[in-house]
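Coming up is one lone chain in structure tokens, specifically the form predicted on its own.
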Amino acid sequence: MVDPANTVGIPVNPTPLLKDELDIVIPTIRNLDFLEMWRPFLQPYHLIIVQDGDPTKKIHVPEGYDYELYNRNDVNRILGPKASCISFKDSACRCFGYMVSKKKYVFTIDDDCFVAKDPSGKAVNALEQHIKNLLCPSTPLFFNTLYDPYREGADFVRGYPFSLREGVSTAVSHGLWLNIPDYDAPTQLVKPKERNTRYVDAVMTIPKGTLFPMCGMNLAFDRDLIGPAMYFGLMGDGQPIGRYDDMWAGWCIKVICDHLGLGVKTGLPYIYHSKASNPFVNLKKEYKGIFWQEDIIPFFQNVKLSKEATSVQQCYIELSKMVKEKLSPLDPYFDKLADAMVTWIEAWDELNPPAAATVNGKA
């Protein structure tokens, strides 16, 4: 068995990395008591909490945290008609937090995720490791067999091209989980007691041209580099599918990162995933996605964005048109999803207008 870390007595970090450049986004339907365990590592940062479900329910946040709390009424008020692109009764509601953030970096975590322990028993500061991942380059163009060559004690192996050792900017850091694995419902049903106790002390860059199943419960990204593509889709209440929100975003960001020459890292840090969701409820949400993904993944594997698409927004709009053309015959839902992707970009640009052009230093 693996247990969460005990953080009692660990002091709050007086000099946290990127304190004024990073927001923590948390989707929730319940009190955020789990933040007590995270206090040594997360308290110095600003939280953006997106409350799902009943907007009249009061959410308790432990004292000492600096936070903004948004519910569905706030989403409707701020986005107006474009609020339809934000999922309801699904963790994809967290995307609203990405949109309203004004920081360069975002770390998002679920409210059932606790602090993990490394093999020595030390509490894992997941956010610090995510920041380290984001601040050092990625190597998507050539795989290094010692994994991350920029990590202390590692380097590029013999035969690695010197022309590629500078790497590329890292846009996404994808963390993992101990205890409850991130399984789909059929796997949950056949392995109900399985727990992940294997801590692999490694970070690697996902190679260019390779997709991956992105999990949104322990994730950080450079909002300036990839933020407009970090849309978790139209899922949950009123939609025929759920629990594919982070997967959809992962497929989208990966093809765009590949196109724009950006990197995605996976591995460390670990969090402790405390509870398994109901596999029968999950199966009801997932079953169409389980069939659809056999067509969706080949679609993304064959996406070719144009040379004219040089910004994340341009890439995403092109991608939305391809979704409408290629995936709508699979199900009318994808026509609606493609429209929501466009609405998302429009809403993003309204809340995040590009900096005004300057001439001789004057706007």
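These figures come from a predicted structure and were not determined experimentally. In case it trips you up, residue 1 is the first one in the sequence shown, and so on.
One more form of this protein exists, namely the form predicted together with a small molecule; it is left out here, but the text below deals with it.
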At 4.5 Å by heavy atoms, is each residue in Asp20, Lys103 and Asp222 next to the small molecule in the predicted bound form?
no
Though only this chain appears here, would Arg243 touch the small molecule in the predicted bound form if you measure heavy atom gaps against 4.5 Å?
yes
Should Lys265 be classed as touching the small molecule in the predicted bound form when contacts are defined as heavy atoms within 4.5 Å?
no
In the predicted bound form, is there a heavy atom of the small molecule that lies within 4.5 Å of any heavy atom of Arg94, even though the partner is absent here?
yes
Heavy atoms within 4.5 Å of the small molecule in the predicted bound form: does Ile297 have any?
no
Residue stretch of 40-48, 322-330, 25-33, 306-314 approaching the small molecule in the predicted bound form, non-hydrogen atom distance within 4.5 Å
25-33
Quick one: from Asp184, Asp112, Asp74, Asp258, grab the residue that has a heavy atom within 4.5 Å of the small molecule in the predicted bound form.
Asp112
Between the options Pro269, Gly216, Gly227, Pro140, which residue brings a heavy atom to within 4.5 Å of the small molecule in the predicted bound form?
Gly216
